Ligand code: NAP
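The chain below stands alone, shown as structure tokens; this is the form predicted alone.
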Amino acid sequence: MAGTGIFTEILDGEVYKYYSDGEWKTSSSGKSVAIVNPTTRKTQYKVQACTQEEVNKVMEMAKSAQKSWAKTPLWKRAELLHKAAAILKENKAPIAESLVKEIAKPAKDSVTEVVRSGDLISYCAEEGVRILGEGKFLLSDSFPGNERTKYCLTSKIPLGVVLAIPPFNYPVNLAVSKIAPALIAGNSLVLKPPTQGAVSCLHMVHCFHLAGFPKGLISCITGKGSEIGDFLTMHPAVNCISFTGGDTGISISKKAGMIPLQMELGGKDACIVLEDADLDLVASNIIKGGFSYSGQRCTAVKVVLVMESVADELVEKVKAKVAKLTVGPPEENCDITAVVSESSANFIEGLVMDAKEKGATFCQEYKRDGNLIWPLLLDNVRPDMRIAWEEPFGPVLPVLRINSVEEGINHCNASNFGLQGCVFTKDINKAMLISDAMETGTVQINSAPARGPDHFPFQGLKDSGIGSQGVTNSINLMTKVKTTVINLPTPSYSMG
């Protein structure tokens, strides 16, 4: 399983190594970072605490390797990505096991994440060959005042070194969503995994190692954010940063300088429910959208804005479904598992206590055991409650009753977040008007918010981020346009 078999070389005693220059290494710091199992609240794994000097070496090798990689034929890049995808899927069990242990993701969902990641890599390889194999040919006489004396050829070339920083909740999938576009486009890649999720990432990186990518092209450096975080994001060798996470991203964007940024920083995804909605469909999607992986998803339903006339009926339907959710360890595929850390659980509890003090209706008894919080639906939430605006990232969902569509749209748009939203109605005309009015990167009609499929565009407005994800958008973001102009001595007209 984890750290055994083909993965034996990534483990040194009880500490996982970091990956640099095509080798698994032990940090010169002699220190490690503990990864606490959210379920047991005991140390499960340890990873290297890398130094700034080791970051410098990684960056130097990444710059050098990228120069050669950019000359590698597109078909060869794609071939290696397909190979890495196959190895990843073949070894889904040990990688999924580490996801269960370090982020408390249910076992079946952990396997799904690994398989989905392999599929994403292969899709990206195919899409990259098509996108990067095309260019543009422009003629000068299409602009007023010009004869046909200039031929313009454009193509896409790599940026250089891409720094990828995925979050804890989808450490493998959101890592490969950055790695694969970067590599197919001809960039080198430095991965800084989250602490919770680092071991899963190290196993995933080993699959790329086994696929035979050139030395130095891919690196995975672990350590404390306080020691190497800013050093990485402000490193002069970095030519692009792709980050998924929270408020840290805003700080990174202010310090990064003039390089392309791709950032997704969370959401307060609103679910607007109209009078004519199919309430059984709504209730099912609220459960799926609000409580899957214990609500620890950027695209989770974070607030329900339901018309007063159907609120009682909807709340009863959701309550009945909440009662059927299983709560317990991820190894048993329970619906609700421990949130990632004690600090996360404490933050969620703070939002719940604030709502209680201000008079929200508790549809279930609030219950917590360590990092495990039972699913909770809060009815009659008002705008003066923190839970109406803040992102809990846990299994707690507020319901605000509204008296008009405009009231729901105004609440959605008053948020500092703008990732996704959803609207439930049988009237497609109303749905489109509401979708256009909602200030979010994506609006789902009659379905809960979701990031996938992985080739769909995915982006946030306002504090939810900058740049757009999705396979095609990521490849485009990780390249720049190169133009060559051929100047002719006299105007040229074919078939003249």
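Throughout, we count residues from 1 along the sequence that is shown. Nothing here was measured: the structure is a model prediction, and the numbers come from that model.
The following text describes the form predicted in complex with this ligand, which does not appear among the structures shown.
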One residue of P106, P158, G290, G266 in contact with this ligand, assessed in the predicted complex (non-hydrogen atom, 4.5 angstroms): G266
In the predicted complex, the residue from T244, S98, S294, S188 with a non-hydrogen atom within 4.5 Å of this ligand is T244
Any chance K83, D119 and F213 all have a heavy atom within 4.5 Å of this ligand in the predicted complex? no
State yes or no: in the predicted complex, is some non-hydrogen atom of T425 no more than 4.5 angstroms from a non-hydrogen atom of this ligand? no
Does this ligand get within 4.5 angstroms of any non-hydrogen atom of D230 in the predicted complex? yes
Answer for P194 alone: is it within 4.5 Å of this ligand in the predicted complex, judged on heavy atom distances? yes
Give a yes or no for S140: in the predicted complex, does one of its heavy atoms lie within 4.5 Å of a heavy atom belonging to this ligand? no
Where does this ligand sit in the predicted complex: which of 123-131, 180-188, 275-283, 164-172, heavy atoms within 4.5 Å? 164-172
Taking this ligand in the predicted complex, which residues along 395-422 bring a heavy atom to within 4.5 Å of it? L419
